[in-house]
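One chain is shown next in structure tokens, namely the form predicted alone.
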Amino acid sequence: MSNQKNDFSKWYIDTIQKADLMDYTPVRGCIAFKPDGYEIWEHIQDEMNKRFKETGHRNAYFPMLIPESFFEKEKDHIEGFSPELPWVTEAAGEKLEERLALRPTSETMIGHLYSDWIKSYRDLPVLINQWANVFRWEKKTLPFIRTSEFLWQEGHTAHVDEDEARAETMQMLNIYKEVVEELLAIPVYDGQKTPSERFAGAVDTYSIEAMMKDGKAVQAGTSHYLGTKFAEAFDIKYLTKENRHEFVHTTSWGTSTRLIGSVIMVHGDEQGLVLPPRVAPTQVVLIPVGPWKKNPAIMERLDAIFKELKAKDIRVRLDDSDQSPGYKFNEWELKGVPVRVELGPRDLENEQALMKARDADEKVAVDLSNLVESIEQELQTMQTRLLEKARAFREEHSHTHIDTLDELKKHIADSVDNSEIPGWILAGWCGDDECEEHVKEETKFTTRNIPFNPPAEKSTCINCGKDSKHTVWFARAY
């Protein structure tokens, strides 16, 4: 296993491969999700779907191929995505009359269809979500975090006015924050993107930003207020109660399988993968130890425990393979299973089992009469503990004392000299795009978002020293 602190990228690749989450394919930037990797995504889907449907949204599906002319209808949109678009130019041995893009997102196709679906105020709001694959031909790829093809959900809604659409935009951002913090145990900063970082064609973009263990940022989810830009481009109008035709106000919002990469990078340790119990494909593994094959009572007891855990909807595996206990312990640790339970002849005599949480150093002896209850409690406790650990790490590496570009450069240099991570910095920004770009050029730190609830307010711009309009998180990002 590579050292996490010395070579985080290699540690990350080693971790996902040893945990058997994915495999590479012959197509650059496209990965195969193995069952454990895909099941993590399924748990995310389940939680998202539950919350989407509770708020009135329904799932639908739209075509992957989008005509080139659709992109040209919204100028900012095509400019934002054109470098990343893969195109289909031939089919059935013939050149197509119009190129078709593999979707980078579905605003244009959905805008085209909404123009037919929406006629009256009675048709609104339209609250639709899509689970799909999308394509962005990345120059530099990293499994789960940045790939040429990835899985995601994208919500697309239409509303009668700005107030309703903006309320939808914020509602979905809040759902993302709740899911990422409660399900994945990843703390996030929520806020608004700067104009240079907002979605192509949006009026306003909002995001949740998460800190990885190497101090870099991952944009964990975004929600966009699109105003009437796409409605005007695709002629999405509705008849009001007063018999006037007006453009709808639209939103879009999305999260992707980069959340899987984020879970790995936030919680993993030197031994490999650590999974929060709520999202782990296997929550508990039962392992017989000692000369268990000569003692049928051990397997009988483990079978009974297995059935009891299954009855409580706990995802449990019983490892009765011929491998040595040490090999099994190592394999299940690499897979990040939250709780391991060992039972051998001596344990059975003492009416106890040994239980170990993946993120704990020591095993604990637990009475067999209380084992299932103890496992349930440990799964809950570990979920909370991982969130608290991640939050403490984030606080330790979030810096609020840096006010100038020179101070930031010194902070980065000192971090390199001391083999430390520079983390994130909270700084003032005057609102000038050139100042934002200069910080990026000099340090590779980009604006993450303008947080809704910053830990401090900054009065001067980090680059030019003028009065700041915003307090912003800056960080290096994936």
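Numbering starts at 1 and runs along the sequence shown. Predicted model, so just to flag it, every value in this text is computed and none were measured.
Here the subject shifts to the form predicted together with another copy of the chain, a form of this protein not shown in this document.
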Checklist outcome for this item: in the predicted bound form, the residue from H438, K410, K53, K444 with a non-hydrogen atom within 4.5 Å of another copy of the chain is K53
Next on the checklist: Just to be sure I understand the contacts: of L302, I128, L371, L354, which is the one whose heavy atoms reach within 4.5 angstroms of another copy of the chain in the predicted bound form?
Outcome noted: I128
Checklist entry - With the partner absent here, would E420, W429 and K469 each sit within 4.5 Å of another copy of the chain in the predicted bound form, counting heavy atoms only? => result no
Checklist entry - E457: heavy atom within 4.5 Å of another copy of the chain in the predicted bound form? => result no
Checklist entry - E331 near another copy of the chain in the predicted bound form, any heavy atom under 4.5 Å? => result no
Item to check | another copy of the chain contact at I31 in the predicted bound form, heavy atom, 4.5 Å | outcome: yes
Next on the checklist: Is Q271 near another copy of the chain? Define near as a heavy atom within 4.5 Å, in the predicted bound form.
Outcome noted: no
Checklist outcome for this item: Within 4.5 Å of another copy of the chain in the predicted bound form by heavy atoms, the stretch out of 376-384, 129-137, 283-291, 193-201 is 129-137
Item to check | Partner contacts for 53-72, taking another copy of the chain in the predicted bound form and a 4.5 Å heavy atom cut-off | outcome: K53, R58, N59, A60, Y61, F62, P63, M64, L65, P67, F70
